[in-house]
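A lone chain, given as structure tokens: the form predicted alone.
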Amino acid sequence: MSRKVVASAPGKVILYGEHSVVYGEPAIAIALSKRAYVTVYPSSSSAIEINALDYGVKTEFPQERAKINVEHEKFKILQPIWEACLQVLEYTSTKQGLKIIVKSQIPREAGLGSSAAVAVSTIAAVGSLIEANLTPQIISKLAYEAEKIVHKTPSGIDNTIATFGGAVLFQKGNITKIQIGKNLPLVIGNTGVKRSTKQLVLKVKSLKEKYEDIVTPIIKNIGLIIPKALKALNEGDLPTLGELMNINQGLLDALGVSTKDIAKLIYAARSAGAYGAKLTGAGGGGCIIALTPPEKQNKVAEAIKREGGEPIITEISLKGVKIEEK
């Protein structure tokens, strides 16, 4: 058995199709070059020791699901990692104490797929450590099961992107890979505002029920963006992709999921030369994403920072989960 394994997996953003995807319309998600890194060591103890360096949180868990205080802040942060470990150990019928160290470039609770990236990295690292020969399909499936326990009804997008990288089209539970014609220079702007995806989905549902004849066409129009975006992605047509992002943002604004904090960062990015910018994820806070000419990434990042956002310069990652060291 290896004495140490390091695995990493990418975060993600929704490029187009937030909220409308709930009503059967397609959405496009892409992997980011920012990654979560998980280092796994075997342990002589029977416990699973987890140390999340970014949050300064460290604790031990049993190898079986026992009664644990789920309200405890340490548990809420570390539960997805513990669940990922259990999925591998249960799948392979293995008993093995583990020491796990997590270091992530992906902000937590910002709609960037941090939890899934950590889960996928953990599963790949533990699987490699115990020489389980897990396929990418099995890694993704086990991560999805771990995400289900923590998040109840995940879409499957996050674990798929973290495992396989690149870009995917998601519709009614079906996930298919997309061809990308050119790199996408991106700048993420994190508002730092926490939000509840569930509450925002319910907000749109309520608006749709109240104004069915107005809101349904908005949702359909978000769906109409996707075929044009797929064509532009395949051709590497960045200006068109930017315009479509701006249209998508206007429609999301009409659904009431944008905020002043989001708008400030979007307009800062556009004014600094971004082709387009929009919220990514549920809205109500979280992050915006801006598509820029390569030479303007720094300028856009500076503009976002001036408006109080946390900028993250990134690009699409065609590589999913990988073993960094063994």
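Numbers follow the displayed sequence, beginning with 1. Owing to the predicted nature of the structure, the values given are computational and were not obtained by experimental measurement.
Keep in mind that the form predicted in complex with a small molecule is not shown, yet the notes after this line are about it.
Just one of Leu207, Val201, Ile180, Ala132 comes within 4.5 Å of the small molecule in the predicted bound form, counting any heavy atom, and that one is Val201. In summary, among the residues Gly276, Pro26, Gly284, Gly281, the only one with a non-hydrogen atom within 4.5 Å of the small molecule in the predicted bound form is Gly281. Note that among 159-167, 193-201, 140-148, 122-130, the stretch whose heavy atoms approach the small molecule to within 4.5 Å in the predicted bound form is 193-201.
At least one heavy atom of Ser155 is located within 4.5 Å of the small molecule in the predicted bound form. Taking the partner from the other structure, the small molecule in the predicted bound form has a heavy atom within 4.5 Å of a heavy atom of Val21. Not displayed here, the small molecule is approached by Ile14 to within 4.5 Å at the level of heavy atoms in the predicted bound form.
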